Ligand code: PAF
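The chain below stands alone, shown as structure tokens; this is the form predicted alone.
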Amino acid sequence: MKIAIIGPGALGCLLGALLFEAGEDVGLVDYRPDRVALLRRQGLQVGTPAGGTRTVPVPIGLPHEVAPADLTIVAVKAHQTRAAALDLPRLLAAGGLALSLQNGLGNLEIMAEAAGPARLLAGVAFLGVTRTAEGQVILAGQGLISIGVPAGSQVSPVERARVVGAFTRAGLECRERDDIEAVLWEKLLVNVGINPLTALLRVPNGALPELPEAWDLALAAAFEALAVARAAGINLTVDPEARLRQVCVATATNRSSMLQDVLAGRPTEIEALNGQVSARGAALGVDTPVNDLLTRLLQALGQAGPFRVNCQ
């Protein structure tokens, strides 16, 4: 199975390296010729918190150089999905599959606009990975990857199992899920609570439960998301408070992806996270004041970049 991975960020580089080492025919897709040239020269570098690093010579190219693929994994940030989806028709081989392994909601709908819904898969990944430089990532911890068939897709159980098998051979814990939309919402509950507060306060995940005001806001955002999910007919049984605390403890020293984006001066995924809760809540008549506020604060933080002063 030929696998293309769109996006040489933290997740894309990690998956490319692990799948390549497992013997898969994999190619990393980028739209920037200068970065393609750089990563071809240096390879992908995967490190651990202890300091060990290995270089993996994963093939990388522009979309037309990697196509066609039997499986195309979209691993870009949510705000980049629309641009990445434009390459799906070119990348997908006849009968090829497209898998979203992204944070938030709305990505699948954008991919369906570009390539149709019939060959889509949805995935949720819990992996502690940080990009330290172009093509360089640190894997702090491996969690579960769940893959399922979203509404409107016609991907067969055999095809889904084949994809799960590729991840498993790469040493990743990967499972098939029939309730993938619920899994997407369960991760969203965690992200809308942890990501914006850690980004605004510039603290690691483990600090949130120790900050009462911030913790209350994180829980409020998660419970609002739960209310919106239930109003949308998604049956969630997860306890948001217990789940947020579990994640904060398990990833205590980690910097959330949104905090990493803020520190690097990059756009955040706030619209795909808290912004989706706000928008879907408004459509369903569910009030989401905390998610509304957090969305606007992160948007304002992004807009304030040119006006920031150096206080050091």
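From 1 onward, residues are counted along the sequence shown. Just so we're clear, the structure is a prediction, and the values are computed from it rather than from any experiment.
The form predicted together with the ligand is left out here; the points below concern that form.
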Only one of 253-261, 46-54, 30-38, 278-286 gets a heavy atom within 4.5 Å of the ligand in the model of the complex; which is it?
253-261
Quick one: from 177, 169, 187, 82, grab the residue that has a heavy atom within 4.5 Å of the ligand in the model of the complex.
187
Of 100, 191, 146, 153, the only residue with a heavy atom within 4.5 Å of the ligand in the model of the complex is 191
Is there a non-hydrogen atom of residue 247 within 4.5 angstroms of a non-hydrogen atom of the ligand in the model of the complex?
yes
Is residue 195 close enough to the ligand in the model of the complex to count, meaning some heavy atom within 4.5 Å?
yes
Answer for residue 126 alone: is it within 4.5 Å of the ligand in the model of the complex, judged on heavy atom distances?
yes
Neighbours of the ligand in the model of the complex among 202-223 [non-hydrogen atom within 4.5 angstroms]:
205
